[in-house]
Ligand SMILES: Cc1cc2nc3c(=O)[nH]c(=O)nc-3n(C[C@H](O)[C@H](O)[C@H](O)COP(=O)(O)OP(=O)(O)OC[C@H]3O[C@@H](n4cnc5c(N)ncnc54)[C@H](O)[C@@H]3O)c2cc1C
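Take a look at this single chain in structure tokens; it is the form predicted on its own.
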Amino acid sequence: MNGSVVIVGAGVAGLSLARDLASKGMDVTVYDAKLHVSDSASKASGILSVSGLNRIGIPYQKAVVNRLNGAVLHTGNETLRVKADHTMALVIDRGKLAEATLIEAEKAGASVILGKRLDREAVRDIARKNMVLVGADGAVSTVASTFSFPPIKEYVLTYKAEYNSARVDDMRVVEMFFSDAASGFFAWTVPYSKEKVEAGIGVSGFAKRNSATAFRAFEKTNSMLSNARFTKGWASMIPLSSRKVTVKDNIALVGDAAGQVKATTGGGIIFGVSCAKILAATIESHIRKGTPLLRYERDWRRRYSMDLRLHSMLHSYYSGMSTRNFELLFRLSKLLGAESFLSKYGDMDRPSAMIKRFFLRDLTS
């Protein structure tokens, strides 16, 4: 067994891990079945917090499509408005983000081999011959299934589409729609420009209808899309829970393959890349000092499990609510000053920070 590292999956998390390992002098190779790292990147939305992007240090500047300073949440006859006086989130072209991360990984010395699909036999062979094997190959991970990692128990099925000639009233605001149609999740519209927009919907993996059917119903009721021209659309599956185990022997999982995703929105880049940084440090120590790879499991959960659990709890709370109960929740939230508080202190990634701020707000205002 040599001292090299093999990563299966050339998404942003896998490429970020490769970059960090190569910059530490590690021998690292990335395999992916895609011919281009940008292939299928547009299946998921690219709304990422500014604070999260700056924290994880990936090259996002050339991938920015739009800047957002707020959100409008709709349910029944009620609306909750959250709007800051500064940019809170960015709409990112995920394909360009993957390409920029690829350039950094290769510049650091990583070898990235695209168009190479690995079956289970090939994955087992890699694990036998290399010091560390990492599965960064998405929610339906070949690495995870090959080595019998515990399954991800909860998923959301999504369908998103892009439109031209849409009617965008405020291009700095994302809109979210909570209704019985979006069973266990929500629908959304994200402006790219004054007339280009992304619309999508998510439904629980346990729902009786698929995401495309739910999307068609949502499309008919959204005034922004009434005269818009459909250009392209994608269906995808997003994990909403973490695997109970993410390390076995010399094999580790990261990103969507590990289920390191916000259950509230399905966003995984910030947490996935954050955990990849922990994994890079653990692998370096494992190869050079012989420290257990299992430390990765301990360290990423110690750092991020509270926020991921809070996202999961929030999702569990709202996913079972009827539209009527959502209306009551919005009314109560507005009475308690939620619009003002979230506009000032909202954090898309770290609900624990918001909770601390909520209880300390009178002392720090």
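Values in this document were obtained by computation on a predicted structure and should not be read as measured data. Residue numbers run from 1 along the displayed sequence.
Although not depicted, the form predicted in complex with the ligand is the subject of the following passage.
Visitor: Would you mind picking out the stretch of 264-272, 165-173, 75-83, 207-215 that comes within 4.5 angstroms of the ligand in the predicted bound form, counting non-hydrogen atoms?
Guide: Among the candidates, contact is made by 264-272.
Visitor: Leu314, Met306, Val64, Ala33: which sits within 4.5 Å of the ligand in the predicted bound form by any heavy atom?
Guide: Residue within 4.5 Å of the partner: Ala33.
Visitor: By the heavy atom within 4.5 Å rule, which residue out of Ile287, Val203, Leu118, Ile251 makes contact with the ligand in the predicted bound form?
Guide: Flagged contact: Leu118.
Visitor: Would the ligand be touched by all three of Ser45, Ile238 and Gly255 in the predicted bound form, meaning a heavy atom each within 4.5 Å?
Guide: Yes, all three are in contact.
Visitor: Would Ala110 count as touching the ligand in the predicted bound form under a 4.5 Å heavy atom rule?
Guide: No, Ala110 stays farther than 4.5 Å from the ligand in the predicted bound form.
Visitor: Heavy atom to heavy atom, is Ser242 within 4.5 Å of the ligand in the predicted bound form?
Guide: Ser242: no contact with the ligand in the predicted bound form.
Visitor: Could you confirm whether Leu21 comes within 4.5 Å of the ligand in the predicted bound form, counting heavy atoms only?
Guide: Heavy-atom contact with the ligand at 4.5 Å: absent for Leu21.
Visitor: May I ask you to check whether Lys196 falls inside a 4.5 Å heavy atom distance of the ligand in the predicted bound form?
Guide: Output for Lys196 is no: heavy atoms all beyond 4.5 Å of the ligand.
Visitor: Using a 4.5 Å cut-off on heavy atoms, which residues of 116-154 contact the ligand in the predicted bound form?
Guide: Heavy-atom contacts within 4.5 Å come from Lys116, Arg117, Leu118, Ala136, Asp137, Gly138, Thr142.
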